[in-house]
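Single chain ahead, written as structure tokens, the form predicted on its own.
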């Protein structure tokens, strides 16, 4: 019987040890998240960005950058390259991966058998003719073994929900990098326009100085030309600062610092695409793809399991049992025992109430999130359609008209039929129209990224710009309704 006792205990220890060795590692978590994203994006719409995947260094080399990163940084960046870099180098995303390991550790811990407790005591008899007596007892928590499947089930449901949350973080990281890259392209475009306007004003001022020198230009016109040059110089400086801020936001979204921030992004914002938005089926797709809803559903499942587990804890008497051996100096006497704790006062009422409340809160949050997903999808769709129409109107109608107006005004100025003020005003309107076109393109691409993000499963923190951002260069009046 003694041999059976120790062999049983050894078996339990081996099971516990093997369960502990099955703990999750960073590469396991990364693989799980990538597999989830791949499965989640199996039915994505054509033309949508490819489903992002994460690749991180091993836990032993966590301080190093992935080998793929320097190769990407060696070339001029584009939007997809910025997204890829963010998934490789963003430290907040890596932190989320480690947080996933916390939930995995809880699953492992919930599946471990409890340790046996051994009690040994020695007694010295009063009778000098009796030998030293010894007692040995082994106690085991039977209740914990019975409840172990319930605890593990709840922990596994929580891990599944945590995996969905981290997959959402991957999409959020990619979205922030994409939008930040669009911002850099737009600010670079505005700086180019301001610089070209400054160059035009400087050329005009040089010509004005020559005309003034020979007495063909009054002082007031020369002073006006000079003021226009100085104002344009300030606007260029402001545009340069705005571009630097945009670059830093992209560096932050990717996780770049030091020498890695010297990247280049030569491509301007592309023109708007011809979008075919499925307004009727969009909501259904967005709800089916929503990672937020999937995460809440997973946490509801975990909360439901915790309600059942706590109820079982409250109803099940605490059970423990073991074996007891006593040596009276001549022989061992072995027996067993069972201890039962009566569930009279503490029946886990508080834990049941907490779990039920958590389940109710999650149920309400699920409905609220579904409403928010629908609203954000409609907002993104409207913004894509509106910004796309306005951008095409700028490109096809307003900008050519402004360029034609400037050319005609310069001809009349050379013929001394208009003054310098009219030339400056026409030049200013052309520059502002170009900037407004760039801002509208930025609004379009941000809305397009937001729409793809909602359809990919994330609706939070989309950061849609308010409508009408690009109306500054429309010149007011009838032009302000262009594209509608």
Partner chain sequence: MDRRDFVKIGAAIGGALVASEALAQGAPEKNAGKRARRPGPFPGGQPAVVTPNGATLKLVEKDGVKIGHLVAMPVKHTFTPGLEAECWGYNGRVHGPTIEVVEGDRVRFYVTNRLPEPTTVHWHGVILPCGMDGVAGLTQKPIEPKDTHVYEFTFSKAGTFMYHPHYDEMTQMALGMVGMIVVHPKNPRGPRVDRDFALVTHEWAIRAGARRPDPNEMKDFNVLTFNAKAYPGTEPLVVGKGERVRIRLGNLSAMDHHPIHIHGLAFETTWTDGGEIPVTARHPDTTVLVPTGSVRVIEFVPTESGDWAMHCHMTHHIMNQMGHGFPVMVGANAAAIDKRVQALVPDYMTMGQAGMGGMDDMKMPVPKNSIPMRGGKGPFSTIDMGGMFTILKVRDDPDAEDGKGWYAHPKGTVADKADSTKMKADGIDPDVTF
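Please read all numbers here as calculations on a predicted model, not as lab measurements. Here, rigid core means the biggest group of C-alpha atoms that superpose within 1.5 Å across both forms. Numbering follows the first chain given and starts at 1.
Just so you know, the form predicted together with its partner chain exists too; it's not on screen, but the next bit is about it.
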Next on the checklist: To verify the annotation, which of these, 347, 337, 196, 389, has a non-hydrogen atom within 4.5 Å of its partner chain in the model of the complex?
Outcome noted: 196
Item to check | Position in contact with its partner chain when the complex is considered in the model of the complex, options 435, 455, 69, 423, heavy atoms within 4.5 Å | outcome: 423
Next on the checklist: Within 4.5 angstroms, counting heavy atoms, which one of the listed stretches 151-159, 405-413, 311-319, 293-301 is next to its partner chain in the model of the complex?
Outcome noted: 405-413
Checklist entry - For residue 214, is any heavy atom within 4.5 Å of its partner chain in the model of the complex, or not? => result yes
Next on the checklist: Taking its partner chain as it sits in the model of the complex, is residue 219 near enough to touch it, meaning that at least one heavy atom pair lies within 4.5 angstroms?
Outcome noted: no
Checklist entry - Heavy atoms within 4.5 Å of its partner chain in the model of the complex: does residue 200 have any? => result yes
Next on the checklist: in the model of the complex, does residue 112 come within 4.5 Å of its partner chain, counting heavy atoms only?
Outcome noted: no
Checklist entry - So with the core overlaid, does the Cα of residue 411 end up 2 Å or more away between this form and the one not shown? => result yes
Checklist entry - Taking the rigid core as reference, does the Cα of residue 225 move 2 Å or more between this form and the one not shown? => result yes
Checklist entry - Would you say residue 420 moves between this form and the one not shown, meaning its CA shifts by 2 Å or more once the core is fitted? => result yes
